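In structure tokens, the next block holds one chain alone, the form predicted on its own.
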């Protein structure tokens, strides 16, 4: 059965924790929140060069007893960046020698960002990151990157919940061994009052948020819910003591209406 130490295996052979902490908009309490999250078992921390949270994450890590090889750091470069130099500046902010996963945050307005991808490949070759991937990419854009470079992204970080996902994307990733990392898995609380979701939550004596996270875990995607209150940080990781049965998983799957808290799913 899944537990907080469970991992997903990337196509490169390296492993990644099954869930993590998102830090978007966590600029006020980054260090305290991340330190608490690591204390209670989080081992994947997601950030970006434009979140403003990288320095606080670095301070939290330095003050913790967690070893670097036990922690999985994800960061991103922007579509207008020189990716290699942005990777270097992110490492300086984090006060780390490498990150575990470096992503293109979103595709450029034109094209698939082949130059950005080549910059990530260079960063990996020089040891600045262990693995590389993308975020907010469609299947077509990923196929373009693969055709150009011969390199398949290890991860695509996309908005993903029972209310908004793509079965076509899911099947493609299973076939190509790309892991889906789910941001906004809690729909930014916009769908947390859904009647069906709450009925299932009551059945398992769990919160709706915990059901949304557990749905992701059981589908093999990696949820990275954001939380800036200790009780929510704790609630989100307390999802390993139950399992949603097949019937209820089917009910949750059928909630899909391609809903997006951002207005539209970038990959559909």
Ligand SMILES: NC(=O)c1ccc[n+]([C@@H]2O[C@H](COP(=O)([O-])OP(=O)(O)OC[C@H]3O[C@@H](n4cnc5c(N)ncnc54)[C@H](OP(=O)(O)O)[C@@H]3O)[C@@H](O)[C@H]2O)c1
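Positions refer to the first chain, counted from 1. A quick note: this is a predicted structure, and the numbers were derived from the prediction, not measured.
Below, we turn to the form predicted together with the ligand, even though it does not appear here.
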Where does the ligand sit in the predicted complex: which of 238-246, 59-67, 195-203, 224-232, heavy atoms within 4.5 Å? 224-232
Contact between residue 80 and the ligand in the predicted complex at 4.5 Å, heavy atoms? no
State yes or no: in the predicted complex, is some non-hydrogen atom of residue 183 no more than 4.5 angstroms from a non-hydrogen atom of the ligand? yes
Would you please decide whether residue 36 lies within 4.5 angstroms of the ligand in the predicted complex, comparing each non-hydrogen atom pair? no
Is there a heavy atom of residue 188 no more than 4.5 Å from a heavy atom of the ligand in the predicted complex? yes
Would you say all of 10, 100 and 138 touch the ligand in the predicted complex, counting a heavy atom within 4.5 Å as a touch? no
If we check the ligand in the predicted complex, which of the residues in 96-131 reach within 4.5 angstroms of it by a non-hydrogen atom? 105
